[in-house]
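Single chain ahead, written as structure tokens, the form predicted alone.
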Amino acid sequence: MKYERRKKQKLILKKDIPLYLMALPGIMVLIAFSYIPMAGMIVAFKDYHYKGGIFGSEWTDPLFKNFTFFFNNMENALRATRNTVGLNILFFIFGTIFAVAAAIMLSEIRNKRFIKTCQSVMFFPYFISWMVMGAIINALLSSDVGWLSKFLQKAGINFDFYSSPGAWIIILIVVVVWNGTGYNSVIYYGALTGIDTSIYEAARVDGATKWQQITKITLPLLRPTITIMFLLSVGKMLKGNLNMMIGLTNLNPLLLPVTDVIDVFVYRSSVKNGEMAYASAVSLYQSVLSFLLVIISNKIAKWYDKDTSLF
């Protein structure tokens, strides 16, 4: 019995060797860029200096000394945390609404060539760097050269976007949605193509309108995909996009009440001053807390619906 089982396992292994070989480059890249660098986490527990390097620097006393950096100024720490979580939640909500809407509209088009053209056009903003995006926003909103600001001035409205933090909540949402709708819509469009068309045919026979088909069939069947996308985004809830903030605002101090996310706070407070140990400590704090959020969110999703959990 054992001999037959081993023989069967060897046959399966031999059959799947090409698949293992195809996966090997990806596994090697994952190990090289995701697991090996994890050894650098010990910087968070060391009094780091360039002469000693990561492994030659002394351990901090007490061990968690570097972690107190983030909470020394509790007001700024809470502001950074609030901005990070709040903006990420808004990005997910509005990003999902527009991505799902775009996917549904694409699914209603019957011309395949036109669908591909629309997807290519929608995908284009995803490949624009944040620095270029910042130049575009500056050309729109700058009080000196921005055509939108000039238009408002001609209408008798003097409004300086770069000194109004509240306006940047809307601006950031618009930019993020414009940047990511094309990419995310492909995921939801792929989920829509897997829905059995006979369900819609039965609904049409029963007299359901297009809106009823969307609300009663499409959205409920997309719920597992939306839930999975939310669980994936939970791991980034405490991560702020530093490149985006630098590109769009150039870390304008007047906008920090809104744009001072955790990554920006760490960059301003430690990285620019060469305090890598502080930055590593906060990064580790973000990663551990994000991991716990993913575990808790996945447990809740699994309790609600087993098909929507990640693991």
Partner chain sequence: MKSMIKPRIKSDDILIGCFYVLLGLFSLLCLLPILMVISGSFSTETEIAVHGFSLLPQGFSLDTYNYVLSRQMNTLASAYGVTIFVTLVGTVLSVTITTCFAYVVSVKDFQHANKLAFFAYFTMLFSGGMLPWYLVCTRYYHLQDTLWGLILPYCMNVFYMYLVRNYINGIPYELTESARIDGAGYFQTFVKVILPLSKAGIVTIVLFYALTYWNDFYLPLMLVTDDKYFSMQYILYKMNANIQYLATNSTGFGADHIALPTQTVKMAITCIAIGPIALVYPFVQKYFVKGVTVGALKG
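Here the structure is a predicted model, which is why all the values come from computation and not from measurement. Positions refer to the first chain, counted from 1. We call the rigid core whatever largest set of C-alpha positions still superposes within 1.5 Å between the two forms.
Below: the form predicted in complex with its partner chain, not depicted.
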Stretch from 73 to 81, 86 to 94, 184 to 192, 164 to 172 whose residues place a heavy atom within 4.5 Å of its partner chain in the predicted complex: 184 to 192
K216, L255 and T259 all contacting its partner chain in the predicted complex, non-hydrogen atom within 4.5 Å: no
T197 within 4.5 Å of its partner chain in the predicted complex, heavy atoms: no
F45 within 4.5 Å of its partner chain in the predicted complex, heavy atoms: no
Touches its partner chain in the predicted complex: I300 (any heavy atom, 4.5 Å): no
Its partner chain contact in the predicted complex: T60, any heavy atom under 4.5 Å: no
Partner contacts in the predicted complex for 40 to 54 (non-hydrogen atom within 4.5 angstroms of its partner chain): G40, M41, V43, Y48, Y50, K51, G52, G53, I54
Residue shift check between this form and the one not shown, rigid core fit, F114 Cα at least 2 Å: yes
Note on S34-V266 C-alpha separation in the predicted complex, which departs from the shown form by 3 angstroms or more: closer
Distance direction in the predicted complex for the C-alpha atoms of A80 and P37, relative to the displayed form (3 angstroms or more): closer
